[in-house]
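Before any questions on binding or motion, here is one chain by itself as structure tokens, the form predicted alone.
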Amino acid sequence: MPELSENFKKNLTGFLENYQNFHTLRLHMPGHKGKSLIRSLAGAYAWDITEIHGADSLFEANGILKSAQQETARIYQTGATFWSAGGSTLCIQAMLAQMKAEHRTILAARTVHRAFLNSCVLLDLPVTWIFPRSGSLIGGYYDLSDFEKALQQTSQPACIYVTSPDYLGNLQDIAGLSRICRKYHARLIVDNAHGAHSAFLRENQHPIANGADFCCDSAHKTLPALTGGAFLHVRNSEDAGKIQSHMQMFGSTSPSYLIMQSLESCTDWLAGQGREAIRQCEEFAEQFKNQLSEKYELIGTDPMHLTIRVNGLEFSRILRENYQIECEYADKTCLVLLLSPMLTQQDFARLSAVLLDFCPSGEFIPAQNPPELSRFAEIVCDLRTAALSDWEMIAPEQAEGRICAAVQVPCPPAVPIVLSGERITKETIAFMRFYDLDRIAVMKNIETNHQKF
């Protein structure tokens, strides 16, 4: 039999290497037994296991997974960090469950992902919404005074929830929000799904470093991790046990070891060459954007988001068909290209040549502005009642006066236009049509008193 390697007790990758070298007869899950029906995925299947002896268990970690998560916390300089193989969605569920346990009311920036809304439905959490002063529902900027005013008007313990960076790359003033939260004894949660790189920029922009109590990072969005790999960061270690128990409540008992191995390798990379790679990417992105700004109107300040104000639907089609460049997101208002330190100099040179030299039909197709959407929607019933009600799908033009049921918006960007429990208006319908949404779920029956938001 082969000898155990030095890495056997040190990390997950070492354990998996030894497990394969011993040619163990796999009489445990998963049923593929390390053998793939698809030749191109044979390597991945061989590494895919479950919680066997020595492999540890993610939500009760006391071995290699515990030490690996502690290393991630050390790299990010947090009180504790937990891995998620269920993306930032699992992290958001756990963070909000903690707010439920603390009996806190939620004050949320309106530019939220539908994962937040669904979590509030599951946990029966009411939300007070704060709207951006500029931008749109997909991405915009907020005024600190609006959050402070909301805290002043809240009699219960509270929590502020923001998304930063948002889908377009706009960053919020996390340090300023943290100061306000401390002043009013509130908690601060940040959906940092698009900002896993932010701790390693020239200026540390990570939410935990700037005073957030909890935040989630989708490592797979801008770092070299498999899709679904995310981190839940905790500022104070005394909150760690509770957060871990909440993750166990929502997370699968069979988390992907492929995803977890990618999170381990990503952590190792961040501890070594990854930091420099991120800073080099940041520097190049800064120079690149300065060049592009002479030709394009750019949106957002996060270095990994290259967001151009242009009719993105047509622009993305031309990039895809003529230049084999696939964007992250496009609509009538913008085009989003997501950068990464894994892009090579040749990749950047290719992108630079296209964006700086390319001009369709001699001029850009201008961006369109979405119609106005009121900040004062009529709330007919709470989120949970509406989302879990008996509903039907109809065309937006048939929905005026009806009540929105479960929110079903595509991802990207997965930002709800209308919220569960809100009455649908003509302007709501116009907004939906602008974003080419042709169906909406509405409640079939409702008997409740109307109230104004």
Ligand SMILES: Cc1ncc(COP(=O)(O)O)c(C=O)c1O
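Not measured: the values here are computed from a predicted model. In case it trips you up, residue 1 is the first one in the sequence shown, and so on.
What comes next is about the form predicted together with the named molecule, which does not appear here.
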{"property": "Contact test in the model of the complex: I92 vs the named molecule, heavy atoms, 4.5 Å", "result": "yes"}
{"property": "Exercise: S88 in contact with the named molecule in the model of the complex, heavy atom 4.5 Å", "result": "yes"}
{"property": "Contact flag, H220 vs the named molecule in the model of the complex, heavy atom cut 4.5 Å", "result": "yes"}
{"property": "T163: touches the named molecule in the model of the complex, heavy atom cutoff 4.5 angstroms", "result": "yes"}
{"property": "One stretch from 243-251, 333-341, 102-110, 212-220 that, in the model of the complex, holds residues within 4.5 Å of the named molecule by heavy atom", "result": "212-220"}
{"property": "The named molecule: the contacting residue among Y76, Y257, Y142, Y167 in the model of the complex [heavy atom, 4.5 Å]", "result": "Y167"}
{"property": "Residue (of L232, L263, L96, A193) lying close to the named molecule in the model of the complex, criterion heavy atoms within 4.5 Å", "result": "A193"}
{"property": "Contact set, 408-430 vs the named molecule in the model of the complex - heavy atom within 4.5 angstroms", "result": "C411"}
